[in-house]
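In the form predicted alone, a lone chain appears below as structure tokens.
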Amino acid sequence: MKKPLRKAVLPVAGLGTRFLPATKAMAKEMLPVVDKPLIQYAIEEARAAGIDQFCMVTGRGKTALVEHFDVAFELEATLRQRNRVEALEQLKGSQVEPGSMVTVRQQVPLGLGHAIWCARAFIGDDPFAILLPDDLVLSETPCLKQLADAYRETGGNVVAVVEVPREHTNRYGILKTGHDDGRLVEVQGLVEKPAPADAPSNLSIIGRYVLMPEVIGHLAKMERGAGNEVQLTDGMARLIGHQPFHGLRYKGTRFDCGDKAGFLEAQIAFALARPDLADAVRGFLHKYV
């Protein structure tokens, strides 16, 4: 019997050096796209997939991430006093149920696999999702909900995948594929950042995963992979052949908000998707392009 998917891990310990000096004193996950920080988009996407327990894997200087989801008594009292109903409504997305969010520290930057291993006590024996807030997906059905539906369908590991230019395979985890029905792809192997000539396909994993807890046992071996880091891809590869493992061609557009150009593109795309901003944004874009 499949266990329900209720837990999500959000690795947010990175330094955000590509956005200095903006991230000198602010977590990169607090950078806003239009009017919400990246971390809130990730939490809201997880909620839409039925998840109600969250673990942020943090580092030094990341306290603002936790405080963002706390109750702001003084702010809310002031807004009520001034009858700012709309502003109060906007705060609801940044509130979580008491006891539903925990944090753990990744004291040393040993890679994504190590960050997930740091959340092992939270994960326990349950299936869990991983969301990388740098990857922002604009879609009609939230990306993680699409993965959660696929998990319920397949009963195993599911990762969100997208085709990338062959010359960019050395930037991503790449699938070796089996049966492919155009939506779900059987995963027969995983390779972290292969050279284009060595890549088994051009299907890349983006920052959305639903994994079985057995991956933690493989990550616990602390085997170093690409970049001399503990790679999540290597741990996932050990599950292939022992559990169902699929890639899902999700419906939506992914923006790499860890990259300056991708972050700026996300600002425009998300603004154009909002009825209250779309006309104004189209109007000023004509002045520059």
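On a predicted model such as this, the values are computed, not experimentally measured, just so you know. Quick note: we count residues from 1 along the sequence shown, nothing fancier.
From this point on, the text means the form predicted in complex with 1-O-phosphono-alpha-D-glucopyranose (G1P), which you will not see here.
Enquirer: Quick one: does E192 come within 4.5 Å of 1-O-phosphono-alpha-D-glucopyranose (G1P) in the model of the complex, counting heavy atoms only?
Expert: So E192 counts as contacting 1-O-phosphono-alpha-D-glucopyranose (G1P).
Enquirer: Please check if Y172 has a heavy atom lying within 4.5 Å of any heavy atom of 1-O-phosphono-alpha-D-glucopyranose (G1P) in the model of the complex.
Expert: Yes - in the model of the complex, heavy atoms of Y172 and 1-O-phosphono-alpha-D-glucopyranose (G1P) come within 4.5 Å of each other.
Enquirer: Since only the chain is shown here, I'm wondering whether R47 would be in contact with 1-O-phosphono-alpha-D-glucopyranose (G1P) in the model of the complex (any heavy atom pair within 4.5 Å).
Expert: Although 1-O-phosphono-alpha-D-glucopyranose (G1P) is absent here, R47 would stay clear of it in the model of the complex, with no heavy atoms inside 4.5 Å.
Enquirer: Looking in the model of the complex, any heavy atom of Q40 within 4.5 Å of 1-O-phosphono-alpha-D-glucopyranose (G1P)?
Expert: Q40: no contact with 1-O-phosphono-alpha-D-glucopyranose (G1P) in the model of the complex.
Enquirer: Among I205, Y209 and T233, does every residue place a heavy atom within 4.5 Å of 1-O-phosphono-alpha-D-glucopyranose (G1P) in the model of the complex?
Expert: The answer is yes; I205, Y209 and T233 each reach 1-O-phosphono-alpha-D-glucopyranose (G1P).
Enquirer: Using heavy atoms only and a 4.5 Å cut-off, determine which of V137, L132, I116, V161 is in contact with 1-O-phosphono-alpha-D-glucopyranose (G1P) in the model of the complex.
Expert: Of the listed residues, the single hit is L132.
Enquirer: Could you spot which one of V187, L147, L219, L112 gets a heavy atom to within 4.5 Å of 1-O-phosphono-alpha-D-glucopyranose (G1P) in the model of the complex?
Expert: Only one option qualifies, and that one is L112.
Enquirer: Among 92 to 100, 172 to 180, 148 to 156, 120 to 128, mark the stretch whose residues have heavy atoms within 4.5 Å of 1-O-phosphono-alpha-D-glucopyranose (G1P) in the model of the complex.
Expert: Partner-contacting stretch among the options: 172 to 180.
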